[in-house]
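Encoded as structure tokens, the following chain is the form predicted alone, with no partner shown.
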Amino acid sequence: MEIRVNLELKAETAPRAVRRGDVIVAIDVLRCSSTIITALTNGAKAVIPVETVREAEKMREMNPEYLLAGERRGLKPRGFDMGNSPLEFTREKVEGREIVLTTTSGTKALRRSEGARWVLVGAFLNARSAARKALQLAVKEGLDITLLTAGKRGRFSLEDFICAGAIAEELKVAGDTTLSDGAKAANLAYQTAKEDLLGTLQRGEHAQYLVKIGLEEDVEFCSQLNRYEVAPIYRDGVVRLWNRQL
């Protein structure tokens, strides 16, 4: 069975993938996806994505044991325990903890994907694992795949687009897939960028902004390819590692 790989370029278009019934891979390289993947790899019990700061605060009021994390304009909101830097989410801080996370675009992409049977979290950090798990699910259930880039406040995101291309590359290698024109374009962008992935990402608008506010190390960390072999799944409002979900 040939699997079609579609591309959606911003969080707001996630409902189109939901209506198609696709397996969704939600991508926000800088930094939501990378942070979720790192937190779970370092032992966090779960990450609960929410769209607004107030929603996060209310959830914490009801669950004082939760860690409160997130960003607005790249910076930690007042009163939060942690920001949105994957480097903050060390094993010492997050192991065994549940984390409420709100970010500008990434958590919106996840929330707008609700209704899909399968939603995975993807980034450069786990591109191969995310691709293989998405393909496994698609083949098993006779579904197509959508690579959903979160974008930046409803606009195109260079780093997410290239990451979609990296995951598309892994899908090409792993199974019988056909790429939509959008997915092909993302894959071509990745082919051009892969020899200097960090340098390419650093030319993007959001990466340049993060560097400007002192978060250059985050950009460097998030540009690592296949650092982790995990494929977090978002279901029932919560992101967990696969073996904790099923």
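From 1 onward, residues are counted along the sequence shown. Please read these numbers as outputs of a predicted model, since none were measured by experiment.
Only in words, not in the display: the form predicted together with another copy of the chain, which the text now covers.
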Residue stretch of 65-73, 209-217, 37-45, 188-196 approaching another copy of the chain in the model of the complex, non-hydrogen atom distance within 4.5 Å: 188-196
Residue contact check: Ser157 to another copy of the chain in the model of the complex, 4.5 Å heavy atom: yes
Non-hydrogen atom contact Lys58 with another copy of the chain in the model of the complex at 4.5 angstroms: no
4.5 angstroms heavy atom contact with another copy of the chain in the model of the complex for Ser180: yes
Contact label in the model of the complex: Lys10 to another copy of the chain, heavy atom within 4.5 Å: yes
Contact residue in the model of the complex, chosen from Val94, Val119, Ile162, Leu171 - any heavy atom within 4.5 Å of another copy of the chain: Ile162
